[in-house]
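Let's start with one chain on its own, the form predicted alone, as structure tokens.
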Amino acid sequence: MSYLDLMPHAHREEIGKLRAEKEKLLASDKKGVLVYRKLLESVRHLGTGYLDFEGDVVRIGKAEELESGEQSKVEKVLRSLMPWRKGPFSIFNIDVDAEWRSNRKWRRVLPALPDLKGKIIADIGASNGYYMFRMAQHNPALVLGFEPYLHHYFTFRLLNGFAGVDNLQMKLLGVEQISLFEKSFDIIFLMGIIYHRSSPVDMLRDIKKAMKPGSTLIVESQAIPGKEPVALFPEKRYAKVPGTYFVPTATCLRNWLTRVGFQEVEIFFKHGMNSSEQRKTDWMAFESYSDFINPDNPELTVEGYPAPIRVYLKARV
């Protein structure tokens, strides 16, 4: 199944133009694109018959499948795609320890999931596809990753170039395009995205348009502690991130979903953050969680705002 099969006829012309723009970009010799494309081309002949998406580590390939010198070549390509934000992965027995221990998030989400078998799924802000590979274990009809950033897009292209999983597709699309897929998805994942949007309620309305009757939305978000239905709007940055807008309480986020018209809205998990879940590694050498928190008071960010917690909600259309 192609993602274009999901498009209502009314939007196919618009998405066709967008697709042509993206294909032109990906075929261009712009430095950013060309570097990524050459990396992929250097190992495009490699593939594997070994896939394991069931455990915490997404495992693609074994070292013994490679000829002499190929593993070091693969590692060089993988390191050229640093920083690795989501993981962990094992690629031909090369362990990629990403910044986020995304396996913990997936374990929290798993008990709340409906059956994924045969479903059409969207992963908004899919990054390098870690969660898409975990979904593949459940035999969905299609998982479409919405990912506007070239770095993440090409990282997924590399990984699935090795893995060859046909029902996983990623496109250079953002949440801005989700409403073009009217009534298309059985399940939508929106994890780690909503606080980066300046109009979160409008975004939720667009997402709802893309969902079939009876479908499920899974939302995971940064949040602030408290029971009041309020959201923090930082003056400049929150935890050193300038692209953070509304950071809600769990109650506030639940109310956004309810006001948009979602049904059966449930807060099914909350937890505090710490530097064992998000941290610097050999594969992500930049600042991470411990650098964002006040060293004298772990309940505050470096700006003096309440330190983040993470919240998980489930809702239905």
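None of the values given here were measured: they were computed from a predicted structure. Residue numbers run from 1 along the displayed sequence.
The form predicted together with a small molecule is left out here; the points below concern that form.
Listed stretches are 149 to 157, 69 to 77, 135 to 143, 111 to 119; the contact stretch with the small molecule in the predicted complex is 149 to 157, by a heavy atom cutoff of 4.5 Å. The small molecule in the predicted complex is not approached by Thr216, whose heavy atoms all lie more than 4.5 angstroms from it. Remark: Phe246 does not count among the residues lining the small molecule in the predicted complex, judged by a heavy atom distance of 4.5 Å or less.
At a distance threshold of 4.5 angstroms between non-hydrogen atoms, Glu228 is out of contact with the small molecule in the predicted complex. For Gly125, a non-hydrogen atom is located within 4.5 Å of the small molecule in the predicted complex, even though that partner is not displayed.
Val175 is the sole member of Val96, Val175, Leu232, Met211 with a non-hydrogen atom lying within 4.5 angstroms of the small molecule in the predicted complex. Interface residue among Ile91, Met191, Ile224, Ile188, judged by heavy atoms within 4.5 Å of the small molecule in the predicted complex: Met191. Looking at the small molecule in the predicted complex, residues Arg237, Arg279 and Tyr305 place no heavy atom within 4.5 Å of it.
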